[in-house]
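A single chain, nothing else alongside it, follows as structure tokens in the form predicted alone.
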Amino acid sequence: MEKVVQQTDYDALSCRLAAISKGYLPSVAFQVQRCNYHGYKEMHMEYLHSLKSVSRRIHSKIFRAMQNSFPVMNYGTYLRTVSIDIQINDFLKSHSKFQNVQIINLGCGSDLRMIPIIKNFTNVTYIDIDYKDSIEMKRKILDQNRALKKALESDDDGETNRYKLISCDLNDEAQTVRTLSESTSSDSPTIVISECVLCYMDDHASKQLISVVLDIYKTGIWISYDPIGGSKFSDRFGIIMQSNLRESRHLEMPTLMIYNSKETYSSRFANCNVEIKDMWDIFENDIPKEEISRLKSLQFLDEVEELKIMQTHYVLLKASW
């Protein structure tokens, strides 16, 4: 199961690279008011280039997937990336006077948002956590690429005093407690990120993880992005998604139909102040009109109804405590 879940990161990376190559990312509308994303495309291309020397097989798979990305997928990647970035950057700006704010990216995979964040916010410590193989792959890529090492000001281990790569099986409660307690500060304002992480954990393990994090850190926010199965009787999105994943990947989403609505998904964070939206709501109400016009100019989108169906089945939750 671990290996199968790790493979999903390559899907996310290919989608991100496709959206970048088509101009969806970085978001011009948000970079001035929230964060400077200068060199965003270049750093992702550097990562892809170095990936080739680490694993030609994975590089070829990602490169092929990039070429087959449809507009509906690029819109989805844009919404996922930008909505999370907004939450992170707003929190960091509101905590600019704190000496140290930490970001803990659970199931980080190949995500590179630590680079612009470390560059733009000098009081941030960023911790990437994932399975051992995923962390070692990322460490090798960062270690052998001069441009990425320079951007992170990293040593030969790909780390700095502000950036850490840590391996941990988040399904193992004892290991997770030990890892977080030894590698992070319980007193610092904390941002926890989980992108399509909870959905691949069984209910017991995901509850344990949430409980552990909320017990360790005194104050912070949890930003979680996941699919939901749909709660209406006629809604077959989750059932079809599960069937496709089983047939094509031998992959399970154990809680997709348990936390199948915004209300049930929010219940996972019952002791927090929770804000939750589906991604279609974000697209319609939170993205400026000029930005939507820019997106429309990039590619012709004739699958608007398909986009709506997909994005109403993905949620972004912010839990504060």
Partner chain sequence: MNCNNSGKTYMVTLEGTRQMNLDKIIILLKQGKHIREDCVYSLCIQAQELLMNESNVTHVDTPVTICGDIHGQLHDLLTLFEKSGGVEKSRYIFLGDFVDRGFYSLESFLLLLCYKLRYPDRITLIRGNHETRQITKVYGFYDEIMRKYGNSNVWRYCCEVFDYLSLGAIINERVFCIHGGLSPDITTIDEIRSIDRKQEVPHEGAMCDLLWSDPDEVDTWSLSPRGAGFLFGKGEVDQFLQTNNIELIARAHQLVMEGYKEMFDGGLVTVWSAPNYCYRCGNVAAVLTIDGQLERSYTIFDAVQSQNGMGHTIIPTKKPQMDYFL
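Here the structure is a predicted model, which means the values were calculated and not measured. Residue numbers count along the first chain shown, from 1.
Absent from the display: the form predicted together with the partner chain. The rest refers to it.
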Among the candidate stretches 119 to 127, 77 to 85, 214 to 222, 183 to 191, which one is within 4.5 Å of the partner chain in the predicted bound form when only heavy atoms are counted? 77 to 85
Is Y131 part of the interface with the partner chain in the predicted bound form - any heavy atom within 4.5 Å? no
Would you check, heavy atoms only and a 4.5 Å threshold, whether H95 touches the partner chain in the predicted bound form? no
Is Y163 a contact residue for the partner chain in the predicted bound form, using a 4.5 Å heavy atom cut-off? no
Verify the contact flag for R56: yes if a non-hydrogen atom of it lies within 4.5 Å of a non-hydrogen atom of the partner chain in the predicted bound form, no if not. no
Pick from L112, M201, V72, L106: which residue has any heavy atom within 4.5 angstroms of the partner chain in the predicted bound form? V72
Select from 277 to 307 the residues with a non-hydrogen atom within 4.5 Å of the partner chain in the predicted bound form and write them out in sequence order. K296, Q299, F300, L301, D302, E303, V304, E305, E306
